[in-house]
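Form predicted on its own, single chain, as structure tokens, below.
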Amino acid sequence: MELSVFLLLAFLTGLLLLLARGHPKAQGRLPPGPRPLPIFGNLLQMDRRGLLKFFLRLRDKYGDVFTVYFGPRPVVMLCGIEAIREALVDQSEAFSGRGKVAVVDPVFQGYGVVFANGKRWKTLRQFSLTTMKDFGMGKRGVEELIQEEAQCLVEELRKPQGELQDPTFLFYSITANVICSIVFGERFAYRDPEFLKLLDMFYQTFTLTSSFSSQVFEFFSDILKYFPGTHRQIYRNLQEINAFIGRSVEKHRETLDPSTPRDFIDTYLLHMDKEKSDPNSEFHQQNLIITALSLFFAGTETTSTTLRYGFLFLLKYPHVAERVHREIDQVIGSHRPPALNDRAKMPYTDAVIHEIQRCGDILPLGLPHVVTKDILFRGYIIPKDTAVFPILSSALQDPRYFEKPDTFNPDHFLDANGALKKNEAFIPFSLGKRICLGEGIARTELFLFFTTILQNFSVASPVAPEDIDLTPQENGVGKVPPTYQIRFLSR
């Protein structure tokens, strides 16, 4: 009881101190939005179902561009493909800064390829793109890597012989192993205890980051960081993953051969050695560990979560699975593994994967940007360093571009002749200079893993299709699908 009273007093003291500092006014002429309260900003108006519901409700009132206050901090929201494209593509340089996500910022602190800015970001992004390409991304090398991992998965799925299983950690394992092979030069056995522990921390972190409490933390991180909460578990998880990466870096140092770098870390270490005399070099230990964490986390989480959503949709809509099976049988057959060049001959399967990404809507809020200078946008003046959220969900669920946005329907991506058609509102990887670094490898993984599994198995659930619930477990920065049980039955 005494501890609770103390925490309450400390919290109230913090609020009074902030109030004494006054409510800062943003310079410029920001887009309209709900009137903020001192200290609290728009927190008290927030929908208890989360930030996404809150923002979409405000869009109905204020239009595609509006301002919300996270505590005393103004944040500009962009909704709809037109506003998002106008900012991230047409004015890409001005909107190319990366904003902070409060619950993970104590770990990233502006380092690494995802959350860096300025010269650091440009240097690390160019290095990461070049190095990952050298080690297979976009080449046949990564296709073979994914095909081999897919066959390992098939062998693993045969072991339970049709018993019910939760696919979460198997999907985590295959996507993690692909990125581990590129970044660390090794893959792990699916039952490796250390590997499973890492995957569990990824799962926890993504779930906690998307929780309602983490969304509230975005409003008051300066105060709430001193109190117990999900942010502390997120910090512990990411620091433990960083410790694993640090140990891997030290092993790489011991075996490094300058003539034959084997992976991303080897190549980075060689750059560190080359630029060790430059005090302003971005090739140092902290950027290496945080970049590896960024690639490891992003390369594992989004694709594995999309696969989890994908097979849940197939259980919900078995007629879709049947049609995919027919196309696989016609194009690939059963005597060779799927290959990337099969995708062009399989428009329905490709449309299903697109629709899984659209309906899964894994990062509905996108990642925050900041404007790098004062910018005139749609008649408003957005001051330098103002945070901007491109609400990707508002494009992916737009009825102007998708006839029935609330319905899972692969026909959204098929023309009258059954060929795959592009849709400019399909932006699951975002747009512009900050578009997802691993888009190419993610698209390759989704096609090859998806088709390899369905080539070898049909799927079944103990729950009737009409009773399968698609409601996300969490819906914040990320959308976490509900857990479910599935049978993989050999075909």
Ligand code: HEM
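What you see is a predicted model, and the numbers here were worked out from it, not measured in a lab. Just count from 1 along the sequence shown to find any residue number.
Although it is not shown, the form predicted in complex with ligand HEM is what the next lines describe.
- Within this chain, L43 is remote from the site of ligand HEM in the predicted bound form, having no heavy atom within 4.5 Å.
- Taking non-hydrogen atoms only, P72 never approaches ligand HEM to within 4.5 angstroms in the predicted bound form.
- Looking at P347, you'd find every heavy atom of it more than 4.5 angstroms from ligand HEM in the predicted bound form.
- Put simply, R98 is close to ligand HEM in the predicted bound form: some heavy atom of it is within 4.5 Å.
- Residues with any non-hydrogen atom within 4.5 angstroms of ligand HEM in the predicted bound form fall in just one of 242-250, 187-195, 114-122, 278-286: 114-122.
- No residue in the set P167, I234 and R308 has a non-hydrogen atom no more than 4.5 Å from ligand HEM in the predicted bound form.
- Residue in contact with ligand HEM in the predicted bound form (any heavy atom within 4.5 Å), chosen from A298, M201, L208, L312: A298.
- Among the residues A460, L56, I435, L37, the one placing a heavy atom within 4.5 Å of ligand HEM in the predicted bound form is I435.
- Although ligand HEM is not shown here, in the predicted bound form the stretch 349-377 places heavy atoms of Q357, I362, L363, L367, H369 within 4.5 Å of it, in sequence order.
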